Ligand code: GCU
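Just the one chain here, the form predicted alone, laid out as C-alpha cells.
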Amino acid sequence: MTRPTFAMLGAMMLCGTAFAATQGIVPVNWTAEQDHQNMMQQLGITKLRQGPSGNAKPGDPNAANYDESKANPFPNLPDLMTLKSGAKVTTVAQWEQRKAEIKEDFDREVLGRIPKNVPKVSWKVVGVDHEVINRLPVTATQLIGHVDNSAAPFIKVDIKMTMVLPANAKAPVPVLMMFGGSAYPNPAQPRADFEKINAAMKAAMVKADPSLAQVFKDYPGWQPFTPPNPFAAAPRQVNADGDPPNQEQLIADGWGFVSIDPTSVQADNGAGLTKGIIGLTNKGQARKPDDWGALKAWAWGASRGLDYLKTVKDVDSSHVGIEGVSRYGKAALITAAYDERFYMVLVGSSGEGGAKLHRRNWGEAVETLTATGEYHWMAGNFLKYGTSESKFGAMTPGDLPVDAHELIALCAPRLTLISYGVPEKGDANWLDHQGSYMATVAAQPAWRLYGAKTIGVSDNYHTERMPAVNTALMDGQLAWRQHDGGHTDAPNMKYFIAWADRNMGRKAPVQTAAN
C-alpha cells in the first residue's frame, strides 16, 4: 500500500472515529466470545448446555444422537392451525392472523426483529460484461447496493450482487436469486487488444527491473498473456448425474439468475455483530436480546436485491425465486417466509435453524447454535433454549413457542421445495433429513387452506417416513426431493426448473448460440 493510500485510509478512519466521538458513541469491537458472554449477561444466563459436536465420535460426552428411538424427546409440535385464542384456523383470513402470531414468536425468540430504522439502499451499476455461458450469450451486470450510513459513517455496508440475464430473450424472464459470491460467472476475454496489453505489461516489467529488457530481446516470441483460442472447447463441469452447474441449467432454460453475497450484508461471525447492517442500525453497539441475527440480515439483503430487480424491465419480477444451500439454505427459507414477493424457494440441505425441527434430538441441535460458534445466526433470546442455569431456570427446545414446520408454512401457497442429499455422499446425518421431512409434512395444512397441492402424504408427522432417495414428491406447490448426491442442491436443480416452469405455465424458449 502506498503512503498516500495509507494516509487516506487513516484519515477516513479518524473521521469516522471523530464523528462517533462527537455523537458520544464508542463503537464496540468485541470478539465473538465477548459478544456471546455479553448476551448471556443481558439474559441472566450463567450456564449453557454443551451442544453435540459434528466431530465427536460415538461414546464421546458430546456425541450427537443418531438413534431414532431417542430422537423425539418433545414429540408434539405447536399446532400450526390453532390461534393463540384457541380458535381453529379454517379460512385464509384467520391464517393471516395466525401468520402474524408465528412471525412475532420467531422475531422475538428465534430470528430477531428487523429494526424500524433500517436505512435505505441505493443501487448502482458498477460494470456490465457481455459473456457466454455454454455458447449462450448473456449480459452480466455487477451491482452495489449502498446502505445509507449517514447515522454512523464509521460503518459501511455495500451489498454485492451480480445479475445475469439471457442476451437474446424476447420477453421478461424468471430469475432465481442465489446466495453465494457475486463475481462475473464467465468474464469475457479481450482478443484484439492483446498486443497493447502485452506491450504495456512488458514496459511496466522493464521499468520495475531494467535487466528484463535483455530477456525480452532474447525471447521475442514470449508474451505475458496469450489470447484465448475461440475454437477451443472449455472443459464442462458436470455433477455425478451429468448435469451442468446450476447457473448453466438456468440460462439454458431461458431463466436469469442473480448471485448475492450475504457476507457483504452481514459477516458470518459473532465478532461482526457490531458491524454490517446489524451494527449499522445499532450504531456500533451490542445487540439487545430480540435484535436480528445474521440469517434475518441476509434475508433482508435479498429483499433489497428484489427491490432492484423489480425496476429491471427484462426481469419477470412476479416470478423471482430465492435459493441457498446449508446456512444459506436457512437464509433462503427465511427470506421466502418473510417476503411474499418471492414466488418460489429452493431450500438446500438447511438443517438446524432451517427446515429441521428444533425439537428433534438428532445431529445438530439447538444447543449447537446457542454456543459461541453459530449463535450469531439467531436472536440473542434463542440462547435461552440451551440454558441449564439462569435467573429464569432451565429451558429446552421443547419450550420454544414455534418450530420449523411453521417457518415452512409461512411460504404457503407459493412454490417451496425442500431439498437434501444423502449422508453417503457428504450430506451428513448431522442435518437430520427425517426431521426436515417431518417439518414439511406438518406444514401441509397451510397449502391446502389455499386450495394448493402438497407433497401428498398424511399430516401425521409422528409416523410419516421419508420416501426413497430420488423419489420426487413434486406434484404440488409444496415439494420434497432427496437426491443421491452430497451437500448441494445441484442434482435437484433440473427438477426444480421443470417444476417451476410447469407451475408458471411456461415452456423454455429456443435460444441462439453465440458465434
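Keep in mind the model is a prediction, meaning the values are calculated, not measured. Counting begins at 1, following the sequence as shown.
The form predicted in complex with ligand GCU exists for this protein as well; it is not shown, and the discussion that follows is about that form.
- Heavy atoms within 4.5 Å of ligand GCU in the model of the complex map, among the stretches 257 to 265, 325 to 333, 202 to 210, 384 to 392, onto 325 to 333 alone.
- Residue contact check for residue 377: one or more of its heavy atoms lie within 4.5 Å of ligand GCU in the model of the complex.
- For the chain shown alone, residue 427 is not a contact residue for ligand GCU in the model of the complex, no non-hydrogen atom being within 4.5 angstroms.
- The closest heavy atom approach of residue 416 to ligand GCU in the model of the complex falls outside 4.5 Å.
- Remark: residue 481 does not count among the residues lining ligand GCU in the model of the complex, judged by a heavy atom distance of 4.5 Å or less.
- Site residues 98, 406 and 444 are none of them in contact with ligand GCU in the model of the complex, judged by any heavy atom within 4.5 Å.
- This chain lacks the partner; the member of 370, 440, 350, 246 within 4.5 angstroms of ligand GCU in the model of the complex by a non-hydrogen atom is 350.
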